[in-house]
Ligand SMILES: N[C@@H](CCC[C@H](N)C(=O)O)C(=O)O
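Taking the form predicted on its own, here's one chain by itself in structure tokens.
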């Protein structure tokens, strides 16, 4: 089957994005497409597959996100910004309400973070700290770690801990333990180690279904909320959240509503044929001139 897609990224979290509003593939078929298109050893690559889906009576359009292993996530906030932009361009909108897998989000085009960097605001929540909502069957103390964690459902499951310095080997070890779907958290979870740097946060995440990633939007949102819960960043105060892929601006309320503003960068448009679970070569590629450079310049200016 032949697919048109946009290669895009939010804060370095990159995806092929398909306008699926007129497509009728089943979940298993989309999982195959996700594994083929998001394969880093393949022709497109990405942290997962994004789908722009049709709206309904309460939503202007919808979003689905399949991880690179073919599993479907409840949400993906870096991806949401990219899907929001695609929906805006398709429907001529500047604001919208978006249907996610198990929740809804409000999105809007806002002033650019930097010249040439298309910027989208997402508002999601309320987040939950109920262990059952996060998918835990026992207390956080049963995790194989001496660290103190905050469990957050955004609504996808997150385990957040604040550290003096990120130890990637420790993060990967705990992430892989969660990825094995242990009895404590059979649905798996995203694990984030967070450094507080003055008023800002630096987040490093082992993402469920992906692995160690340069960026995870819902992890950044969960970290902002966790920072409020632990009195590190006051509720209502804006903070800049950094990761290996770039940055976003975040604010959380005591009620669990989290607002994130960040880039939605479109790199190129292309087409690809997928047959027997394998993606063929990228064809008819048209670069979105200047967008990659604008983001690179914005990130470099922060160094």
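In this text, all values refer to a predicted model and were calculated from it rather than measured experimentally. Positions refer to the first chain, counted from 1.
Omitted here: the form predicted in complex with the named molecule. The next part is about that form.
Query raised in the report: Among 274 to 282, 234 to 242, 32 to 40, 64 to 72, which stretch has residues whose heavy atoms lie within 4.5 Å of the named molecule in the model of the complex?
Result: In the other structure, the partner sits against 64 to 72.
Report task. Classify residue 217 as contacting or not contacting the named molecule in the model of the complex by the rule of any non-hydrogen atom within 4.5 angstroms, answering yes or no. Result -> Judged by the heavy-atom cut-off of 4.5 Å, residue 217 is in contact with the named molecule in the model of the complex.
Requested in this report: Please run the contact check for residue 77 against the named molecule in the model of the complex: heavy atoms, 4.5 angstroms, yes or no?
Outcome: So residue 77 counts as contacting the named molecule.
Report task. Report yes if any heavy atom of residue 192 sits within 4.5 Å of a heavy atom of the named molecule in the model of the complex; otherwise report no. Result -> It does not: once the named molecule is placed as it appears in the model of the complex, residue 192 has no heavy atom within 4.5 Å of it.
Query raised in the report: Should residue 208 be classed as touching the named molecule in the model of the complex when contacts are defined as heavy atoms within 4.5 Å?
Result: Within the cut-off, so yes.
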